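Just one chain is shown here, as structure tokens, and it is the form predicted alone.
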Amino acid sequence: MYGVGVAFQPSGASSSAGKSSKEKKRHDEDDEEEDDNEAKGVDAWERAYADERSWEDLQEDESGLLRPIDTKTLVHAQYRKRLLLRSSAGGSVVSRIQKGLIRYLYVVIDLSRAASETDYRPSRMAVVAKQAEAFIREFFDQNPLSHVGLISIKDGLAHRLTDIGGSPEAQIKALMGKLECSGEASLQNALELVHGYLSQIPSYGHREVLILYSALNTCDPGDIMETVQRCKKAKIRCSVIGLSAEVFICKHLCEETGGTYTVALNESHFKELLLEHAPPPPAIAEYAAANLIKMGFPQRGAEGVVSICSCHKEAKVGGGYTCPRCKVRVCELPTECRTCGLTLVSSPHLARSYHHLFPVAPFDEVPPHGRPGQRLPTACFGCQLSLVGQGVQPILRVSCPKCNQHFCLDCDIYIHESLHNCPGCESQRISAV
């Protein structure tokens, strides 16, 4: 329990006349407001909801029933803000920026005593675990050729939870089984552990670290500045998302290694900041040179055949994949053959990585009543749903800057997040052929 102490000066004419009546009144009002909040039992996270006054958004229809709150416009506005920020980061040459498609990422999760704080509900640890699970799934969806590993820091030590691999289910299962908070956080030990593993990554792989940091300090055994310089020399991009407040050493680490440092305001903001790390970042200049990478496309093993898995060193029946070079069995793709070292992928993985090289340009918002002399289409070109509003409120729509076809808000998100191709542009290309 933290208290507030007030120091009083000895009584005297000079001290009593030091404060004006205006200042006394302001202090009295602040004290009354604090007393009211304490009397009501209102915490900081509760005041955030009270300030929004979301109950004022409720509306009744003709029969007196409550209308459902339309959050589609708000979600779409937030999505377009992220999309425009992502596209403006590369300027006018966004399509010519080389991306790191083969990424080796270690997610470092702070499980120190600070992660048990309850300013996030129910706790920082629970929020981080929930959003880390969503991030891992989204990461593998957008980066099918990449690999992820998990590291935890607590009791002044760093522990590797999982080897770096390409299976989201294995990573999530290992994370959920190790959620215990204790001791202090050691940023240096985490960086030393990550440096030892990522320094062995091939030159074509992009080395990254994402640290989800809850503590306000770091308990290190040596000079962390030397560790930061070693990470910089090894071309390891370090990014940090803080859950409490800005810490100088975290900011210095990100500036030195070319990463990003952000501090989350609440759970939704933390989720937004975390998902910004899912798309591949621009490649570091030293890695921008084109390299040919030898890959193998293994065949699916026949059902009912017993073989020894090279991943787990045990016999398994059916399934798995056979390395085309050394003929050993692996359980999942993508991976690296532990016998011959060949990178094993499937053709869908390459196809899903292709869209990052040529992203769909952000669509333009169309005015509600169109431009002068322009006739607006009555249906969405993608889903064919009507774009004509039944009431006075018009339906929001967007248009592709290349083919000028109009789309609804749901199709806009689907095209940029999942399809990665504009149906209007593709139909024109097919008709031209």
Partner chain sequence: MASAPSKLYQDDASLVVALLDTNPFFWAAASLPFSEFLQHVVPFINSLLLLNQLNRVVLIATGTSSCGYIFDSGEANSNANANANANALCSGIIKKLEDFVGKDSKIAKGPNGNGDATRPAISSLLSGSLSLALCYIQRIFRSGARHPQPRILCIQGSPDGPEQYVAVMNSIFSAQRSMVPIDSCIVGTQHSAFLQQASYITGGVYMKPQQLDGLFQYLAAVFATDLHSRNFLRLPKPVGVDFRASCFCHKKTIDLGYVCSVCLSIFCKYHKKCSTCGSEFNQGTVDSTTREQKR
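Numbering follows the first chain given and starts at 1. Take the two forms, find the largest set of C-alpha atoms that superpose within 1.5 Å, and that set is the rigid core. Keep in mind that this is a model prediction, so the values were computed, not measured.
Quick note: we don't show the form predicted together with the partner chain, though the next part is all about it.
When the partner chain is considered in the predicted bound form, residue 354 lines it closely, a heavy atom lying within 4.5 Å. Taking non-hydrogen atoms only, residue 204 approaches the partner chain to within 4.5 angstroms in the predicted bound form. Within 4.5 Å of any heavy atom of the partner chain in the predicted bound form lies no heavy atom of residue 306. When the partner chain is considered in the predicted bound form, residue 134 lies well away from it, no heavy atom lying within 4.5 Å.
Annotated contact segment (heavy atom within 4.5 Å of the partner chain in the predicted bound form): 317-325, selected among 317-325, 112-120, 149-157, 230-238. In terms of contact with the partner chain in the predicted bound form, the residue from 266, 260, 217, 346 that brings a heavy atom within 4.5 Å is 346. Of the candidates 177, 196, 222, 341, 341 is the one whose heavy atoms come within 4.5 Å of the partner chain in the predicted bound form; the others do not.
For the stretch 222-250, the set of residues having any non-hydrogen atom within 4.5 angstroms of the partner chain in the predicted bound form is empty. Comparing the forms between the shown form and the other one on their rigid core, the Cα displacement of residue 403 stays under 2 Å. Superposed on the core, the two forms differ at residue 340: its CA moves 2 Å or more between the shown form and the other one.
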